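Next up: just one chain, as structure tokens, the form predicted alone.
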């Protein structure tokens, strides 16, 4: 059948009347056809439009595709046919009380009453502690035992619960339960004053400040017709790569610590701080907060800062290369990393994994290459995929991307970087419009959707963090693996609790 979805560009404002509004059966048939032929789900969500509830899907092939339909009260689950819809359908069921009949694993996502005050489709009683009352998946057998970890953890991390079904030391199934810190971020973004929108967006997930801040800024720019200048685009790209560097190096240090190889763990910890300090040099904040704003950036890249940035990168690069070689040349490390927590290409594809987790399992997708924004259109981004899908592959993707990010920053530092700085102010969004933005943050594909009503107010603000795709990848990695390997596998994904919980 011919595809009825509308082709759109990344960061392009579209009048809502141009988006194809299909009967539900046609919407379902087209969406499933695209995904069965290799497409992926970028966004799939519900929203209230006057008196009706609508569904919208944004899918990707080599382009972005969008369509809407009126939402039925229940429908045959897409997930029965195409697994990538799995978590999106659960989210819609939770938010709007719309039941996907036959969904293979229908449970809550963030544990809150639906927005329409309808009877809960999960059978929950919200007067009680819902996460505590949840009926976990169980494996039957006399020798089966369960191990529960969290939601309160020994480290300074956020809450999440892990329930292992084991036979001896071997993990048969890992169920991950999140939603303990649901903040209603999307609702806040929908009703906030314009000048507060960037502050909320860059705090969706603190370690992805630039990734989420960029998506928000690009969406506002599309809906206001404002185009950031070339200098701002270069500074934003440098900031996004610094964010990638700091987090990848931190992850490699954590992996070193988990296999008790302390020299690189300590070196990486110090070097991560050095890259965070380069973000501090750019904007006065180690996580990049306050830098990206609709229309550009709040801080210029002066010649003095550029000179210091260049000198520090040149000083750090050989140190990074030395510690990377120290870690990856150790046979004891290879022994622990290889064949541990494997996720096959087939499973990664069906789960819709993105970012380093996807590339480690053979999926080459990188939004910087496939849907380039900012300065990425003139930068060559390699595929960087691996085939083994294990902890080693996930670490090696980071190894390669650390060196690539250093090269990208060095190639941009001495480009002409003159920019007119902007401050957060009021802005008027185009009425009755739609925009989707996609960026490759350090964990993978980040996407924001903004839909406005006839007055220009935000009708729906939808956020998708890469962790939304990847938590199920961690569960799959633990299948048939020793439970003692959980910390190592967990670090090799390093997913976000707050990016998922929203």
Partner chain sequence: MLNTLKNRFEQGYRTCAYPNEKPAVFDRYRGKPMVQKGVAAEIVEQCAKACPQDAIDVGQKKIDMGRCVFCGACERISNGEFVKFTKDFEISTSQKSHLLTDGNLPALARHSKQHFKRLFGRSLQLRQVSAAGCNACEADLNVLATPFFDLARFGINFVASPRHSDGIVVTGPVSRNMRTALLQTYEAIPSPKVVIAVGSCTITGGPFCGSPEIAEGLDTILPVDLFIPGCPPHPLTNLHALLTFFK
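Note that this is a predicted model, so its numbers are computed, not measured. Numbering follows the first chain given and starts at 1.
What comes next is about the form predicted in complex with the partner chain, which does not appear here.
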*Counting only non-hydrogen atoms and a 4.5 angstroms cut-off, does residue 154 reach the partner chain in the predicted bound form?*
yes
*Is residue 99 close enough to the partner chain in the predicted bound form to count, meaning some heavy atom within 4.5 Å?*
no
*May I ask you to state whether residue 307 is within 4.5 Å of the partner chain in the predicted bound form, using heavy atom distances?*
no
*asked:* Is residue 93 near the partner chain? Define near as a heavy atom within 4.5 Å, in the predicted bound form.
replied: no
*Spot the stretch among 173 to 181, 404 to 412, 222 to 230, 377 to 385 with residues whose non-hydrogen atoms come within 4.5 Å of the partner chain in the predicted bound form.*
173 to 181
*Between the options 280, 149, 118, 167, which residue brings a heavy atom to within 4.5 Å of the partner chain in the predicted bound form?*
280
*Heavy atom within 4.5 Å of the partner chain in the predicted bound form: which of 364, 191, 123, 318?*
318
*Hey, with the partner chain in the predicted bound form, do 46, 114 and 453 all fall inside the 4.5 Å heavy atom range?*
no
*Hey, which residues along 321 to 343 are within 4.5 angstroms of the partner chain in the predicted bound form, non-hydrogen atoms only?*
322, 323, 325, 326, 329
